[in-house]
Structure formats: structure tokens, C-alpha cells
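Here's a solo chain for you in C-alpha cells, the form predicted alone.
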């Protein structure tokens, strides 16, 4: 391929990169996107989407398998699962979305180029695709290379030691599975395999699972893991693996497979970031309020810029950068970015946490007092609002409960719109729904909850 010239070059076609490309194309910017993998990045190909597909499959299988034990009067005879068929269904979803992303970029007239990119200077990138090599010259460059799983030196990936990528491609359910790391990725996938029939052990170095969340939010998750017969070893450090056994500082754990989920690192090695001498913030690229790096004309978005490492944050950054390159007066001014753990039950956090801001209070409404939760046999969890005493402004909303992720947009919308307790309390919420818990939490803060 001959050399290419363009106004905007995006390195990485993940959620941030492809959204940036689509928006740039809509704005008439000559845009090129480079990625050595299929469009969609980690999230679409080996992360968010495939993991949610397996979570759904595991939930359905577990419900059917245990239906006879429940109060609904349903009897089921010995169900089984063909995991290879499930994986094929998951892969089909990924393929359809790959095709869709590629089509959207093409519709916006953004060119997708396959290959590995490396900076030669601030406006020139060398692209290698197999035996071919060419250069791309651009006025503006966006680094959207995402992140990769952290590998432990004493548990290198390969064979029975899995990253989340390999775990999402298993064709058989392992009899025993040890999960090193009790964060959201480990718990999501650990729960999947527990529901599919694995004997799962969670090994977490901190004193509790999901250590970045407060105990009230994680307590229902811990209770559910116990119900699923998942062994949770907190305050425990993994040390190595020997023939079907995970070694820890508190004893051996039987493990046909070991899933290592101890965090993610930014993908900056090998793309020439060091040669550009961009200012870093630890391992991440430092950016300003327009996502511009320390070198004029070079932007960075998504996981390479640090926490929160969320696909929807990357998407919003990508859209904003495209508009900034087009000359629009934009900057990052988001008040709330919802974060979701797709555990069982799900956990959502958005905005300020209790005690994080002076002059705030919090109020909860339990799903045990919610009619819809009762009718779905899932009364575990609650919705919590964090509000400022001086003017009742809602600054944070958190929740834990079955399917609560679908309310995350309502939480962020309320905070972004500057809603106060009275606004949400006076808004009619459909009955019977879990969403009534948000209204009731606000009414409880005002001193007149109706159903508790």
C-alpha cells in the first residue's frame, strides 16, 4: 500500500477510536483508523460484549437447572449445556457487531486500515501489515490503543493459566476453576462458570471482594456467591501453579484452570510513545480537558489515559475529540460516569459516594420493600442517593440488585441535569418497577417515604 495523507489519524478501532472516527466523518474530516485487530477493540471482541453473552447464557442455564427447587411450581428434568454451541452463538454476536462497526465507519467515510502502527514523529506513523509497510501522515493523531490484562510473573498466561480472553473461548466447563483477583472481571466470569457447574474459588489479596466499592454494595454479591457454593478466600495471595493446583500463602486450591484477573495495563508499548516523550501520569498518558497530550496535535482517549477504564468514557472522549478537531468549542465537563459490575446481583455506581463530599448525606431504599423485586424472586439489594444538605442536589446514586444496570442511565441523567431530591421524588415512576426504589430513596431522604 502507498503512503496515506489525512487530517485525522486514529490508532485503535475500539469503542473510543471507532466512535471518534464516525463522528469525525460526520463532520467532514478526512479520517483514517488503524488497528491490527477487527473493529470494536477489546470491549466488542474479547470483553464487554462476549462476557455479557456468557453471563446471560449462564443465568438461563442456572435458572432452568434450579427451577424445581423454587416456589414457582416449575419442574425440569436434568438440563445440560453444550458450551461449544454457546461460544459459537457468542462469536456470531461479535461478528455481527464487527460488521456493523465497519459499516458505520464506512458510511461516515472514515477509512479503516489493518495493521500495526508506530510513531515516527508527531505527525507520521509507520504501519506494518504482514510483509507490507507504509506511512500515514496526519495533521492530528488520536491514540486509542486501549488496555490489556496484567500478567503475573509466577502465573504466565498459557495452558491452564487464562486471561479473560481465553476464559471467554473455553469449549468445555472446567470441573474446578480458581480465579485470582476478586474485582469485577474475576467475579463476573467466576460467577458464569459457577452457574455452569464449575467448583469456583476466588482468591483475593485484599480483605474483601470488589475492594473499590463500599461494603454495603458488595455484601449482596458476597451472599450470592455463597449461595452459588463459590469459595471466597480473601487476604490471600497466589504464589504459583503446579499440575492442577494453585499455590497460595494459605494453602493449595484445586484448579483445572486458573483465571488471572488482577487488573489491566495501558497498551502503549511498541507504538513509539517513548520516542515522542509525551508526559505520563504513571503508566498512563496525561491529557488536558480536550484530551490533548503534552504534544500539540496528539490526543489520547480511553484506557490509555487512566481510570475510569470504561468503554463509554472512551466513546464520549472520542466524540469530543472529533468535534475539537473540527473546531468546535468543546471540553470535558461530564459530572457523572456510571460504572457497572455485571455480577449477581449487579452493582452500579454513579457520582459521589457517601462521605466523599462534605455537607452530604445518603439515603437508601431496600428492594425487600419493592413489589417488582418480590415478583422476580430477587429482593436482594437497594438504591441509594447521596445528596447535599444545603439544597438537596443529588450528587451520587448507587445501587445493587438484579438487572439494575438498566437504570444506570437514569442515575447519570439525574446528576448531569442537576436534579434535586424533590425533582425525583415528584416524578411519577411506573408501578410495579424497580425504578420506584429511586423515587422512594429520595422521598425517604425528605422524610416521607411511602413504602417503608
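Keep in mind the model is a prediction, meaning the values are calculated, not measured. Positions refer to the first chain, counted from 1.
What comes next is about the form predicted together with a small molecule, which is not displayed.
Student: Pick from 193, 184, 365, 241: which residue has any heavy atom within 4.5 angstroms of the small molecule in the predicted bound form?
Tutor: Of the listed residues, the single hit is 184.
Student: Which residue, 87, 232, 369, 205, has a heavy atom that falls within 4.5 Å of the small molecule in the predicted bound form?
Tutor: The option sitting close enough to the partner is 205.
Student: Test of understanding: in the predicted bound form, would residue 382 fall inside 4.5 Å of the small molecule by heavy atoms?
Tutor: Heavy-atom contact with the small molecule at 4.5 Å: absent for residue 382.
Student: Should residue 138 be counted as a contact of the small molecule in the predicted bound form, where contact means heavy atoms within 4.5 Å?
Tutor: Answer no; every heavy atom of residue 138 is more than 4.5 Å from the small molecule in the predicted bound form.
Student: Does any part of residue 340 reach within 4.5 Å of the small molecule in the predicted bound form? Heavy atoms only, please.
Tutor: Yes, residue 340 lies within 4.5 Å of the small molecule in the predicted bound form.
Student: With a 4.5 Å heavy atom cut-off, would you call residue 392 a contact of the small molecule in the predicted bound form?
Tutor: Residue-level check for residue 392: no, no contact with the small molecule.
Student: Please determine, with the chain shown alone, which of 285-293, 233-241, 69-77, 216-224 has non-hydrogen atoms within 4.5 Å of the small molecule in the predicted bound form.
Tutor: Careful reading of the contacts points to 233-241.
Student: Would the small molecule be touched by all three of 20, 100 and 109 in the predicted bound form, meaning a heavy atom each within 4.5 Å?
Tutor: Per the other structure, none of 20, 100 and 109 touch the small molecule.
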